[in-house]
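Just the one chain here, the form predicted alone, laid out as structure tokens.
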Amino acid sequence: MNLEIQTTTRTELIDITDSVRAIVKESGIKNGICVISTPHTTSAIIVNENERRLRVDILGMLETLVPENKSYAHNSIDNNADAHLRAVLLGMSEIIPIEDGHIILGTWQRILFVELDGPRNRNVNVTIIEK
């Protein structure tokens, strides 16, 4: 299954948990795993709390670790090397267990799509594997 996402800023975190839950429910799979992945080299999938100040902190951490306005070799091609490097740090997928038809997340855990080079139209792949 494919989720389409329209991002609105260069960097942002978008909560896709409810959409993933709906896909799992629609699948009818009771037990297995759910793989959430992004096919884009300048985006990521993470699991964390979706709290406004924490989202600001996550984006701030990425800016500290991989500054946007630095002279990167790749910038001579697309001027988005920082987005690629940040995606390397975060990763392109998450695997979440499915039990009794529900994804298993902690109380505050949410599935977040991370835009690193927007705004863009993006896709997220949700693959469900039955146990």
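In this text, all values refer to a predicted model and were calculated from it rather than measured experimentally. Residues carry their position along the shown sequence, with the first being 1.
The protein also exists as the form predicted together with another copy of the chain; that form is not presented, and the subsequent description refers to it.
> Should Gly32 be classed as touching another copy of the chain in the model of the complex when contacts are defined as heavy atoms within 4.5 Å?
It does: once another copy of the chain is placed as it appears in the model of the complex, Gly32 has a heavy atom within 4.5 Å of it.
> Within 4.5 Å, heavy atoms only: does Glu130 come near another copy of the chain in the model of the complex?
It does: once another copy of the chain is placed as it appears in the model of the complex, Glu130 has a heavy atom within 4.5 Å of it.
> Is Gln109 close enough to touch another copy of the chain in the model of the complex, meaning at least one heavy atom pair within 4.5 Å?
Yes.
> Any chance Gly28 has a heavy atom within 4.5 Å of another copy of the chain in the model of the complex?
Although another copy of the chain is absent here, Gly28 would stay clear of it in the model of the complex, with no heavy atoms inside 4.5 Å.
> Enumerate the residues of 66-84 that have a non-hydrogen atom within 4.5 Å of another copy of the chain in the model of the complex, in sequence order, or give none.
Result: Val66, Lys70, Tyr72, Ala73, His74, Ser76, Ile77, Ala81, His84.
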